[in-house]
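Next up: a single chain in C-alpha cells, the form predicted on its own.
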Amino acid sequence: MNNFVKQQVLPYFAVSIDASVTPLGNGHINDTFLVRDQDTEFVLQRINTQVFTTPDALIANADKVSQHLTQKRTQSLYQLQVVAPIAASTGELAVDLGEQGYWRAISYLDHSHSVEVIESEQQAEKAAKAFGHFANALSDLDATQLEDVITKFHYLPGRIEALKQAAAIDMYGRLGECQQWFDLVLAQTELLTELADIEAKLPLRTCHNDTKINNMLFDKRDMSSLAIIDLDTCMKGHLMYDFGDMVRTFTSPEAEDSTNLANVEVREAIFAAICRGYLAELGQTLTELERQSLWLGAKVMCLMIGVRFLTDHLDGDKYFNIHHPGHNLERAANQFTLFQSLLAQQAQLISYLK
C-alpha cells in the first residue's frame, strides 16, 4: 500500500515519493495515513466509497463545516483548532482515481494525542466540553445546507430491520452463536415507541454524528482540548445522538472491542462528567425537549451500534474493518453489555441531566 500511495497518490499533492507514509489511527471505515517529508506533513485518507457512496458530498460537507468553524475562530467564538481540507494540485479537494481509490488530504495538528479509553473524570469533562463547544459553534449553520452522506445513519428502526433481514438469511450460519443478543434487540419495543414519540419533535441541528472519544484530540503538551476531528459524518441530525455516542465511548473502562464483559459497565462518575462538560457549553442552546432527549440518545446509541456490529457479523463483515474472525461479534457483545449496564443504573444516571 505504501508504495502505491507514494507513486500514484502523493504526486497529486506535490509531495516527493521519498516522503514517509505511515498508518494513522484505528478507524473502522477509511484508510488513513500520516504523510511527512522535509517541507510538510498532512493526513491522507482513502475514503471507503462502499460506505460513503457519495464521497463528493462528504468532501463538501466537511469543507462547509471547516469554513464555518474557521470563521468562528477568527471572531474568537471558537477556541479549538480546526482541521481543514488541503487542495490537490488540480485545485480540487479530492482526487478520484477510480478503482484505485478516492483520496483526500487534511491538515495534521502538531502535538495531537488521542485516547481510546477515558481514564478520569477530568478527561471526560474536557472532551465532552469540547464536543459541546463544537456543536454550539455550529448551531447557527443551517443543517439543511449539508447533504446526507449516509441515509438514515442514526435510524434505529431501520438498523433493527436490517438485522432481522440478516438473521433471516443467516448466510454464514452465525445466528446460533449470537441468539441471546438478537433476542435482546427484539425485546426493545418500548424503546422504539419512546423514540418515535420524541424524534419528530426535535429541531434539526448540524451534528458531528460520530462523537467517539478518539475523534477529540488532546494537546499532549498539557492535555488540554485541541480539536474535534473526523468530519465525515457531519450532517443534519439530533444532538441526542452525539450525546449518546459520548456516553457509549467514554463511560466504559474497557475498549469497544474488549471481551472482558465482566468489566464493561457505565461508570457513574464519568457519566456525570460528560453531563457537566456538554451542558456547560450547550445549556443555553438546547431546547427543553432536546435536554430531555439526551438520556434517550444514550440508550439508543449503545443499542444501535451493537445492532450494527451484530448485523455486520451476520452479513460476513462487509462494513467494519475487522482484525480477526468474530471481531464484530465481540464488539456487539461489548456494546449490548454496556446497554444493559446503562438500563440498570437509569434512576441515578438520569438525575445528572436534570
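In this text, residue numbers run from 1 along the sequence as written. As the structure is a prediction and not an experimental result, all values here were calculated from the model.
As for the form predicted in complex with a small molecule, it is not shown, yet the points below apply to it.
Interface residue among Leu34, Ala60, Ile322, Ile29 relative to the small molecule in the predicted complex, by the heavy atom within 4.5 Å criterion: Ile29. With the partner omitted here, the residue from Arg267, Lys212, Lys236, Arg73 that has a non-hydrogen atom within 4.5 angstroms of the small molecule in the predicted complex is Lys212. Looking at 248 to 256, 139 to 147, 218 to 226, 271 to 279, the stretch with residues near the small molecule in the predicted complex, meaning non-hydrogen atoms within 4.5 angstroms, turns out to be 248 to 256. Shown alone here, Arg308 lies within 4.5 Å of the small molecule in the predicted complex, counting heavy atoms only.
Although the partner is absent here, Phe52 lies within 4.5 Å of the small molecule in the predicted complex, judged by heavy atoms. Shown alone here, Tyr102 lies farther than 4.5 Å from the small molecule in the predicted complex, counting heavy atoms only. Of the heavy atoms in Phe153, some are within 4.5 Å of the small molecule in the predicted complex.
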